[in-house]
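Only one chain comes next, encoded as structure tokens, the form predicted on its own.
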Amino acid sequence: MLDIQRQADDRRLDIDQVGVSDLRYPITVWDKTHGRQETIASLTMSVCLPRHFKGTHMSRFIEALNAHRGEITMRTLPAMLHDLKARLEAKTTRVEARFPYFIERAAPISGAKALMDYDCAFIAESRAEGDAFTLSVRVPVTSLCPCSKAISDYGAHNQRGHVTLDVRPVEGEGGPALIWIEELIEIAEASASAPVYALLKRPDERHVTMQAYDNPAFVEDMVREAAARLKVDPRVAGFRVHVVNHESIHNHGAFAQISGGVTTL
């Protein structure tokens, strides 16, 4: 049959990325406690398109995904990238999988348990110079303003914020170094005034409120603390830390960001 996509295009413009997006698909990821966790990912898959091709074959993205269905992790994504390269005759490929990850959290005093969800992503690219993988985790936290605490006769204002860690693991002979989602969540929470929980009883609420009061932190403090922890981790080749506080007494947010290591994040 006539292959329209492989016909010539006279505009002589390369396309950086072309592919499919917002593709919902069941995947299995590694779980530090339970081994494996089933979840649903929103996938974006793309390749570069040389100037001499009119279009790409969108159906081949779905074929490649089905061929590699099941576990999608830092160890399995390279095979999918290389498969896409071969199927679509592309020099570069990119796969982004965004998904909710669930952890059962126990309240600090009562021990009441409930599931917390975290927005995570696997981002993998294959180029002429090699493959690259990034793990991204967005963690909700509580912060309490040091300035408000210092100048107020009583109390201090606090807010819920988000710490986003984008981490590029060191590449070894067996692939990227293993960094658990749970480890990044711990780093994010340790940089804030207090963690966020799905379920709190009254004794827990008292504990978390006082914990935040005892650990005031500006957005600058939080981003530096998280970056300092990632900087000394020998498994981390590069990182970006982005912290935003959704201010409780202002009609705007406050944010800070630090990048380190490899510059291609």
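Numbering starts at 1 and follows the sequence shown. These numbers come from a predicted model, not from an experiment.
Just so it is clear, the following notes concern the form predicted together with another copy of the chain, a form of the same protein that is not shown.
Engineer: Looking at 86, 106, 147, 79, which is the one with a non-hydrogen atom within 4.5 Å of another copy of the chain in the model of the complex?
Structural biologist: That would be 147.
Engineer: Quick one: does residue 127 come within 4.5 Å of another copy of the chain in the model of the complex, counting heavy atoms only?
Structural biologist: Close contact is absent here: in the model of the complex, residue 127 is far from another copy of the chain, nothing within 4.5 Å, heavy atoms only.
Engineer: Is residue 116 one of the residues lying within 4.5 Å of another copy of the chain in the model of the complex, judged by heavy atom distances?
Structural biologist: Contact check for residue 116: yes, within 4.5 Å of another copy of the chain in the model of the complex.
Engineer: Answer for residue 136 alone: is it within 4.5 Å of another copy of the chain in the model of the complex, judged on heavy atom distances?
Structural biologist: It does not: once another copy of the chain is placed as it appears in the model of the complex, residue 136 has no heavy atom within 4.5 Å of it.
Engineer: Would residue 173 sit within 4.5 Å of another copy of the chain in the model of the complex, counting heavy atoms only?
Structural biologist: Residue-level check for residue 173: no, no contact with another copy of the chain.
Engineer: Going by heavy atoms within 4.5 Å, which of 116-124, 163-171, 177-185, 71-79 lines up against another copy of the chain in the model of the complex?
Structural biologist: That would be stretch 116-124.
Engineer: Where, within 202-238, is there a heavy atom within 4.5 Å of another copy of the chain in the model of the complex? Residue list please.
Structural biologist: The stretch touches the partner through 202, 203, 205, 206, 208, 209, 210, 213, 214, 218, 219, 220, 221, 223, 224, 225, 227, 228, 231.
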